[in-house]
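Have a look below at one chain only, the form predicted alone, in structure tokens format.
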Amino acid sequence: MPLNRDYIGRRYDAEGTFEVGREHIRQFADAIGDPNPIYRDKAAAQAAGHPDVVAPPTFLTTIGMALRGGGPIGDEGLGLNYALVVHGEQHFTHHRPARPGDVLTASTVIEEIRDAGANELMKLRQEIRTTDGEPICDAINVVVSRGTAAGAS
């Protein structure tokens, strides 16, 4: 069954917030195997021009998983069967690095749903901001819904 195209433009605001901590940043840097000292050592981060340690650029993928709220993936009206989903693409536009003490929230918008052969591609834009409204990052995620395009057999 095809995805519901009426959902293009729909916005999903996360419930709650996520406070970034030094330990979150260190654990993420360890998990991805990045030894850069600006993720662990305040003095190294300050020498690089930052006020404190900073999070690796891909750290913000964890925000969507940490914040409450159904988002488009859990919205039954969209018609997405998560068992048929594979990750297609991800990119980030960073306005500044996330730092300890940042309290973040996010909104996700369905920007596009289109057919690609028998599959559908759904482009999601997640806007990550501080609770004061300062933009931190815009993350684009494209998911592939396998075999759900109209006319697919």
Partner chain sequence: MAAKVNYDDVEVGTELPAASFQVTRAKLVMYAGASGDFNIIHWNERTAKAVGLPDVIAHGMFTMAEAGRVVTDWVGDPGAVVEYGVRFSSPVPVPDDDTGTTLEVAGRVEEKLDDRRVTVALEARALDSTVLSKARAVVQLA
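Positions refer to the first chain, counted from 1. Take the two forms, superpose them, and find the largest set of C-alpha atoms that agree within 1.5 Å; that set is the rigid core. Only a predicted model underlies this, so the values are computations on that prediction, with no experimental measurement involved.
This next part talks about the form predicted in complex with its partner chain, which is not shown.
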Its partner chain in the model of the complex reached by all of 2, 8 and 74, non-hydrogen atom within 4.5 Å: no
Non-hydrogen atom contact residue 41 with its partner chain in the model of the complex at 4.5 angstroms: no
Close approach of residue 85 to its partner chain in the model of the complex, 4.5 Å, heavy atom: yes
Partner contact for residue 94 in the model of the complex: its partner chain, 4.5 angstroms, heavy atom: yes
Heavy atom of residue 128 within 4.5 Å of its partner chain in the model of the complex: no
Partner contacts for 1 to 32, taking its partner chain in the model of the complex and a 4.5 Å heavy atom cut-off: 24, 27, 28, 30, 31, 32
Yes/no, residue 84 Cα shift of 2 Å or more between this form and the one not shown with rigid core fixed: yes
Per-residue C-alpha change between this form and the one not shown, residue 61, threshold 2 Å, rigid core fit: no
Did residue 96 shift 2 Å or more between this form and the one not shown, C-alpha, core superposed: no
